[in-house]
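Quick setup: one chain, the form predicted on its own, written in structure tokens, and binding and motion questions come after.
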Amino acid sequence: MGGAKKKGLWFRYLLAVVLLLIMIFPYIYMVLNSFADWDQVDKKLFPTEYTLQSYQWLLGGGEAVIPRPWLNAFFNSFIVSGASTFLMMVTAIMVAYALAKMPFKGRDTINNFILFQMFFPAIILLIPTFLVIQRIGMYDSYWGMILPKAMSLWAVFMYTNFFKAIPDTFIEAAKLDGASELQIMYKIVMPMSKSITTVIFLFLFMERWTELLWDMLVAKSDNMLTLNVLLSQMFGPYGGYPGPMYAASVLLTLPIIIIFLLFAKKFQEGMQFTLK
């Protein structure tokens, strides 16, 4: 009986390893081809000759005839994604705290409206938002890419549910000690929300980092392009350079992987709460 149980356990481990390899193989293939010699890119399953030629070409600006600002695009992506994520976190925390811990007339209506809005795809507001940004003079600017992404209803929903689970006795005791609402949020609520904050931060940053359509609409000049927009252009005039395309894809995913590894433990704790 014990032997059969042990065999079943080994089978599960083997199946898990096989499924993991299937899932990560496309990324491994992409990384290997980003370092492969250009004569072997997409011609062998596992290239045998490796070089930094793709990264040198990419970071050097691409074709000499039409150089592209790859390093500047990478910098733009960090600015836009970092600022947008920060604003989404701040607005979500403040709105969620008010909805969860500050009773006022119409609170349930606002909660229902947020849930209602979450059922609609954001693309339906794409054109109206673009026209507003254009008319107020934020077209082809950092603010034009950041401000429309400064609010996340999903983050508000997640924080609201989490804050509701925090006992009101902590907040009432802080108010008796003379603490303001901002002090309660900063010193009591947020330290208790580290795990869920990590989950929300990772998802928001990943969503904004991989944004393409909005940045493609708002950014016009080469100096304002993000890495996603520049990478998408490789399928057109730069379609003949698959090696640099793989290299750009690796650079695009690298920050997300690094951030996830840094916050992996907190991410797991936060996911356990969201699955309850």
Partner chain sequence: MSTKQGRMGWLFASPYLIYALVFFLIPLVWSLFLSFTDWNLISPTFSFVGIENYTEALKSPGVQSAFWVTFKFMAVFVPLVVASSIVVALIVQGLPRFKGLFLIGFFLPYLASGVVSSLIVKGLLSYNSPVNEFLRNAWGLDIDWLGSPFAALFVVAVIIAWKFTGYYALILTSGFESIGTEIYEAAMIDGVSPWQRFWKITFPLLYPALFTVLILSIGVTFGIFTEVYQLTGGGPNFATNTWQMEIFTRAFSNLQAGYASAIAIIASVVTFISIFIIRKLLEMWGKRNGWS
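Positions refer to the first chain, counted from 1. C-alpha atoms forming the largest set that superposes within 1.5 Å between two forms make up the rigid core. Predicted model, so just to flag it, every value in this text is computed and none were measured.
Just so you know, the form predicted in complex with the partner chain exists too; it's not on screen, but the next bit is about it.
- Contact check for P128: a heavy atom falls within 4.5 Å of the partner chain in the predicted complex.
- Within this chain, R135 lines the site of the partner chain in the predicted complex, having a heavy atom no more than 4.5 Å away.
- Contact annotation: N228 falls within 4.5 Å of the partner chain in the predicted complex, judged by heavy atom distances.
- In the predicted complex, the partner chain lies farther than 4.5 Å from every heavy atom of N72.
- Heavy atoms within 4.5 Å of the partner chain in the predicted complex are found in one stretch of 186-194, 160-168, 199-207, 73-81, which is 199-207.
- Using a 4.5 angstroms heavy atom cutoff to the partner chain in the predicted complex, none of L32, Q56 and M224 count as contacting.
- Contacts of stretch 103-137 with the partner chain in the predicted complex, defined by any heavy atom lying within 4.5 Å, are made by P103, F104, K105, G106, I110, F113, I114, F116, Q117, F119, F120, P121, I123, I124, L125, L126, I127, P128, T129, F130, L131, V132, I133, R135, listed in sequence order.
- For I79, a C-alpha deviation below 2 angstroms is recorded between this form and the one not shown after rigid-core alignment.
- With the core held fixed, I110 shows a CA shift of 2 Å or greater between this form and the one not shown.
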